[in-house]
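Only one chain is given next, in structure tokens, and it is the form predicted on its own.
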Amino acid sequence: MADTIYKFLVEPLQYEFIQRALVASIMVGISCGLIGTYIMLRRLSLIGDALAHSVLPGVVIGFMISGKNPLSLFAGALTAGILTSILISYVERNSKIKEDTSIGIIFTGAFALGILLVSQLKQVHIDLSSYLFGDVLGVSDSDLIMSSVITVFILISVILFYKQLLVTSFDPTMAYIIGISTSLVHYFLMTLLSMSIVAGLQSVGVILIIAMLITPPATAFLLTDKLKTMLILSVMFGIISSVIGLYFSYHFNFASGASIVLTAVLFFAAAFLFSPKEGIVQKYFRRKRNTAVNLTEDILKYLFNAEEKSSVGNAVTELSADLSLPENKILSALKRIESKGLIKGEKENYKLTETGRDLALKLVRSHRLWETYLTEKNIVDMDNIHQDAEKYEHVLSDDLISEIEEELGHPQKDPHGSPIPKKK
């Protein structure tokens, strides 16, 4: 087993082109992870997609001028990206056309122009698919140098202008007040975005670069709310996805760009399902826990009201009708609550323990004060206050309830005439 893993990891590294591809993949992970985080937070994913397609005419024009000179290709792609960004903003600001429509028109036009230019190069063959879909295994030394320089520049820029990027991303109004030009920062970010796209051209191509710009940051976004942590996680997922995707591309003869992107998507899927706070699985179990807690509280409140009214009846049957739940589920809940020491008794006659009564009193107090508040403030009409209180009684904090009671002048009864319990 150990030999198999060792062979899997080490065998590809004997080839120089794999070594170059690994470095290029890491560069893509870093540059796309950093810039992609800001693009996602600013909800500019469509612009990222537009620029990824719009660099093609710049690449072709650069090729027309000086062949496969990396600097010429870089300058052409960067110029095309910046011009596209400016045109999108110009059309949006000077017409009734909205941003999404402007993006659709300009990026498709630019991409079509690139295809047209390629078709006019009769005597020279350009492998268009390598620009569309990438070929990380064909990365040259000059490509690697250019990608490294771009990545270092992006990394330094994010560090130096972290404050400006942070403020303009989350609060443009505050940025304006403290003297930060949101327009200047926007176009600077678009320049960095164009550069990161150029850095990823050879690795994943213009078609798939948008996935690397968005997927790792989106994965990080599901795991943290802190920007610095998000940037680090985004870069980490970008690097790991690039490296793992490259290894699978080598061992299983997959297309390199597609393999890298699908690996990133698998990481996103894992975070989407299992993220501690935002994961679907976690939310499912949280809903189940909340449902169980709410059911417990509803049963305690029912028993409290029954004691208050000296009502005697079959608790299971009445709770089943009151909560619209089958009797077996009610009975199971009663047994669980009894095991926690909150109630005692039998099917015909359950009673609250002292601990259960304290919890029920807190819930009833919350319910009746909230009903009183809704009535006094004319927020909800009298016919609907009970349903609203049923919903919020489970989530109102003790401090908020105390504030409501004080604001209402410590009322003695709720709108239905029932006494409001005092806080213990």
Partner chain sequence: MTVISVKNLTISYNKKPAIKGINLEVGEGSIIGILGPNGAGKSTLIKGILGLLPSETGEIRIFEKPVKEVLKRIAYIPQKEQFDWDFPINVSEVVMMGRYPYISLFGRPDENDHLIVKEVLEKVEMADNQFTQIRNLSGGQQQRIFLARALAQESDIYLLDEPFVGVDAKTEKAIFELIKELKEKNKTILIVHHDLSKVKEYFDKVILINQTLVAFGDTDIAFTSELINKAYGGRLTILQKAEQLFKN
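Everything numeric here is computed off the predicted structure, so don't read it as measured data. Residue numbers count along the first chain shown, from 1.
The form predicted in complex with the partner chain exists for this protein as well; it is not shown, and the discussion that follows is about that form.
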Quiz item: Quick one: which of 261-269, 155-163, 100-108, 190-198 gets within 4.5 Å of the partner chain in the predicted bound form, going by heavy atoms?
Solution: 155-163
Quiz item: Do residue 280 and the partner chain share at least one heavy atom pair within 4.5 Å in the predicted bound form?
Solution: no
Self-check item: Any non-hydrogen atom of residue 41 within 4.5 angstroms of the partner chain in the predicted bound form
Solution: yes
Quiz prompt | Contact test in the predicted bound form: residue 227 vs the partner chain, heavy atoms, 4.5 Å | solution = yes
Quiz item: Going by a heavy atom distance of 4.5 Å, is residue 144 a contact of the partner chain in the predicted bound form?
Solution: no
Quiz prompt | the partner chain in the predicted bound form: contacted by all of 284, 318 and 325, heavy atom 4.5 Å | solution = no
Quiz item: Of 118, 167, 185, 330, which one comes within 4.5 Å of the partner chain in the predicted bound form, counting heavy atoms only?
Solution: 167
Exercise. Using heavy atoms only and a 4.5 Å cut-off, determine which of 248, 274, 90, 176 is in contact with the partner chain in the predicted bound form.
Key: 176
